[in-house]
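A lone chain, given as structure tokens: the form predicted on its own.
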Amino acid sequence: MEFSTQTTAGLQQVRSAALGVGVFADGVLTPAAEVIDRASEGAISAVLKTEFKGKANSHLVLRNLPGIKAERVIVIGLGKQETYRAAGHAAAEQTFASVCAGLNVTEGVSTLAGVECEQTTLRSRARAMALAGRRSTYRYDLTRTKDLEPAPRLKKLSLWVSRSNAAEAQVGLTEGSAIGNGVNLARLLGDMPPNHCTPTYLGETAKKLGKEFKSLKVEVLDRKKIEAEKMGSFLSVARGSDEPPVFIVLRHTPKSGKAKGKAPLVLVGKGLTFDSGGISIKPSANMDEMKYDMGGAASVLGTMRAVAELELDREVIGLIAACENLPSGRANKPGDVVTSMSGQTIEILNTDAEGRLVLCDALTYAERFNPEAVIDIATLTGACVVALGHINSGLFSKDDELANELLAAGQETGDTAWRMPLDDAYQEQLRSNFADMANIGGMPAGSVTAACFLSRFTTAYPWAHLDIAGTAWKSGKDKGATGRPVPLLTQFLIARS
């Protein structure tokens, strides 16, 4: 899809299959809507008096308005003006893009980014528009053969903006497009069935990215190389499956020398392409959704794709530990003690707490890069879903600066997180009589003790943990991967570049 700016002087003269304008609740028109209203002799005002109230995320399609060159004017409800923020704008852009896709038009023009709202810039609003456009055209059809909806014909979205602001807007559109490509890659990997998206497939996906983008160097470690690294904790999880584990290293090296001498930023993703719980097997209901347990790995691949497309002037490294967690005669047993890459021993009290066993070795591996900061991303705990639901990802860090940067990136992109506690007092719950630590700390504060476990492997660098168990996918009739937190991560990296 192509994204561009439209700088035609008169909005009523814009020729388009779909022109999007915003209207606030209580009949307040945005400046663009006022222009169209005057040129069409009050067409928008008329519908506001009868059928359209401007509620957030609502829309109305007006066709063939007098005095307007656009074939359709799509009026987008923005909600109350006093509460209009970045999230409201992003939702409005998503509504417009989705309506365009549903109408089967090939192009559209949005004026919504021209509406000022707090804590945003034109660049960030343009970014939201392009991201919405990418999302609107995503369809999963890899393993479907019947009853397929036609792919959207939407090929181009333009942002109506003044000529003096076009350069700033174009920067945002470029960023949003790349982030959207990363989001859709993460969604596709998450939605794929687990017999298709195996650890090996994740490795092949990384290699394809390395071929597509010259800045990316990719290495995929097989079982023998993982054993040579002494990743005993990671390998213990992989033992129960016939699918071989892989450890993926993606390294983005910028073309320019501006970033020379700066320590890299490292992303670490949990790559459980299927998690049955192992010997501590999960209930059968909804176990199919455990194909999404590689959401952290998918988000690392999606973010690295966005980083490479944007050619960010900063070294970024992605690490993914990928395997399956299945019950077998070789699988971990409750009571087993394993030795991690760091040399610390772990008593496995519950084999369904496997993500932290995989991540701890990846976090130790990250030390060799002398990183400026490390962020791990994982669908780690059901306890985080209980705590935060499906709105915010859980953010854990003892580094206030790093945490605040990640929270700000989430707010700017609408991919929000909420900071959770990480007090040392919680560490006591991980005490073991037979190893250096247990892999679970009981039911109380389950997401916190999981983060406390990971923190024991991150003392060499600034670190943050994102628990995306509640945000990586949706259940029910809208079941599907969300691609979160690719927007948050990419914006964080843009800000650090």
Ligand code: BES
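This is a predicted model, so every value here is computed, not measured. One-based numbering along the sequence shown.
Heads up, the form predicted together with the ligand isn't pictured, but that's what we're talking about next.
Annotated contact segment (heavy atom within 4.5 Å of the ligand in the predicted complex): 275 to 283, selected among 107 to 115, 275 to 283, 171 to 179, 417 to 425. Note on contacts: among Ala353, Leu407, Met341, Leu310, the single residue with a heavy atom within 4.5 Å of the ligand in the predicted complex is Ala353. Put simply, of Pro193, Gly102, Pro244, Gly382 only one has a heavy atom within 4.5 Å of the ligand in the predicted complex, and it is Gly382. Within this chain, Ile44 is remote from the site of the ligand in the predicted complex, having no heavy atom within 4.5 Å.
Shown alone here, Leu60 lies farther than 4.5 Å from the ligand in the predicted complex, counting heavy atoms only. Proximity of Asp293 to the ligand in the predicted complex: non-hydrogen atoms within 4.5 Å are present. A residue is said to contact a partner when one of its heavy atoms sits within 4.5 Å of a partner heavy atom; Arg187 fails this definition for the ligand in the predicted complex, lying far away. Residues Ala469, Trp473 of 461 to 496 are found to place at least one heavy atom within 4.5 Å of the ligand in the predicted complex.
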